[in-house]
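Presented below, as C-alpha cells, is a lone chain in the form predicted alone.
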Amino acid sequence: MDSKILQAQLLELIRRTSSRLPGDVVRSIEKGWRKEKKGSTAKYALKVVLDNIAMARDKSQPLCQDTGTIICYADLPAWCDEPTFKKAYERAVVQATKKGYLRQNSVDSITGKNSGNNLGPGNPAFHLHQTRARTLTVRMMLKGGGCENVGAQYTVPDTRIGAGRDLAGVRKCILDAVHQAQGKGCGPGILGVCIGGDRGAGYLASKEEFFREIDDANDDPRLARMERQIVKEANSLGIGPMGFGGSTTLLGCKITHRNRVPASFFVSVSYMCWAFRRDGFKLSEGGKITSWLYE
C-alpha cells in the first residue's frame, strides 16, 4: 500500500489516542463520580477529570501534559513488512509531535538531551508480529511517567508482607502495590498484573492486559474472581482519586499469568492512570480503516 496513506492513518490513530479516552474508561470514571459523596474532594477531583476529558476530545488536544511512552503493537499481514510499518509510524510520530498531539517527551538517558521529535532508542516501543489475516491491526497506548513510576514487581515468598507462592500471596502483593502508590499514580488507576514469567516477560505481559476493556471478564474464573476482589478491596482502602480519599481508588484490575521456572515466582504489577489512553484500528490493504477497536 501507499506509505503516505499508511502514515496519514497512523497519524489519526495517534491523535485519537492522545486526545480521546475510550468509552469504557469514561463510563468507569463517571460511575466513580456518581458514587463519591456530594461535596467531597473526591467528587470534585473526578468532575475535574471528566471536564478535562471533554475539553481534550473537543479540541483534539492531549489529555495530559505527559503524553507518555509511545507503545505500539501491530499484527502485520503479508502486504505490510516491518521496515515499512516502522518508518511510517515513526514519521507519523514526528508529525504528531509537530502538530502538538504529542509533547516532546523522549530524553536521552545518558546525556539528558531531549530528541525534540519523540524518536530515540526504544521510543516508540514496537511489538510487531506477522499474521495471516488480510488486514493490518494496530493497537497503541500512551503511558504516562507518573503511573509508570508506581508499578512494582514482587518476588514471592515475600516475608515483608506475608505473601506466599499462591493466589492469596498474589492478592497481598497487588494490594500492597495499591497501598504504596497512594495518590502518586494519578488515580483512580487501572492495574495490569502478571503472575509468573521472568522479570521482563512479566512486566511485558502485565502491560498487555491494558488492551482489555475495563468491563470485560477474565476467561479464567479464578482470575475473574480475583480481579473483582482486588477492585472491591482496593476501593475500601480510602485512598480515592489522586489520594484525596474516597471510594474510587481503582477503576479496574486485569490479571494474566505465564509459566515460570521453579526457582522464581514474580508478581508484576503495572499501573495505569485515569488518562487510560489506548486505541487501535483495522486497516485494509487499500488504506481504509475498516473498524476502530475502542469506541
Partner chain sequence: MLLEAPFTEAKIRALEVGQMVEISGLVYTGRDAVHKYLHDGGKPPVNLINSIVYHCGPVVVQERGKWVVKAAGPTTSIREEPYQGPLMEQYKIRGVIGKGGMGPKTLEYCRKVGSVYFHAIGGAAQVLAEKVVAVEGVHMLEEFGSPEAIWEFRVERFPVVVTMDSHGRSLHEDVQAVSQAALDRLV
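Because the structure is predicted, anything quoted here is derived from the model rather than measured. Numbering follows the first chain given and starts at 1.
One more form of this protein, predicted in complex with its partner chain, exists but is not displayed; see below.
Trainee: Could you tell me which of 250-258, 264-272, 22-30, 42-50 sits within 4.5 Å of its partner chain in the predicted bound form, going by non-hydrogen atoms?
Mentor: Of the stretches listed, the one contacting the partner is 42-50.
Trainee: Which pick from Thr155, Gln130, Asn149, Thr84 sits with a heavy atom within 4.5 Å of its partner chain in the predicted bound form?
Mentor: Here the answer is residue option Asn149.
Trainee: Taking any heavy atom pair closer than or equal to 4.5 Å as contact, tell me whether Ile239 reaches its partner chain in the predicted bound form.
Mentor: Close contact exists here: in the predicted bound form, Ile239 approaches its partner chain to within 4.5 Å, heavy atoms only.
Trainee: Gly68 versus its partner chain, in the predicted bound form: is there a non-hydrogen atom within 4.5 Å?
Mentor: Judged by the heavy-atom cut-off of 4.5 Å, Gly68 is well away from its partner chain in the predicted bound form.
Trainee: Answer with yes or no whether Cys186 is in contact with its partner chain in the predicted bound form, where contact means some heavy atom within 4.5 Å.
Mentor: Taking the distances in the predicted bound form, the answer for Cys186 is yes, it comes within 4.5 Å of its partner chain.
Trainee: My question is simply whether Leu63 lines the interface with its partner chain in the predicted bound form - judged by any non-hydrogen atom within 4.5 Å.
Mentor: Close contact exists here: in the predicted bound form, Leu63 approaches its partner chain to within 4.5 Å, heavy atoms only.
Trainee: Each of Ala56, Arg103 and Asn114 within 4.5 Å of its partner chain in the predicted bound form, by any heavy atom, yes or no?
Mentor: Looking in the predicted bound form, the three residues Ala56, Arg103 and Asn114 all sit within 4.5 Å of its partner chain (heavy atoms).
Trainee: Since the partner is left out here, which residues of 242-278 would have a heavy atom within 4.5 Å of its partner chain in the predicted bound form?
Mentor: Met242, Gly243, Phe244, Gly245, Trp274, in sequence order.
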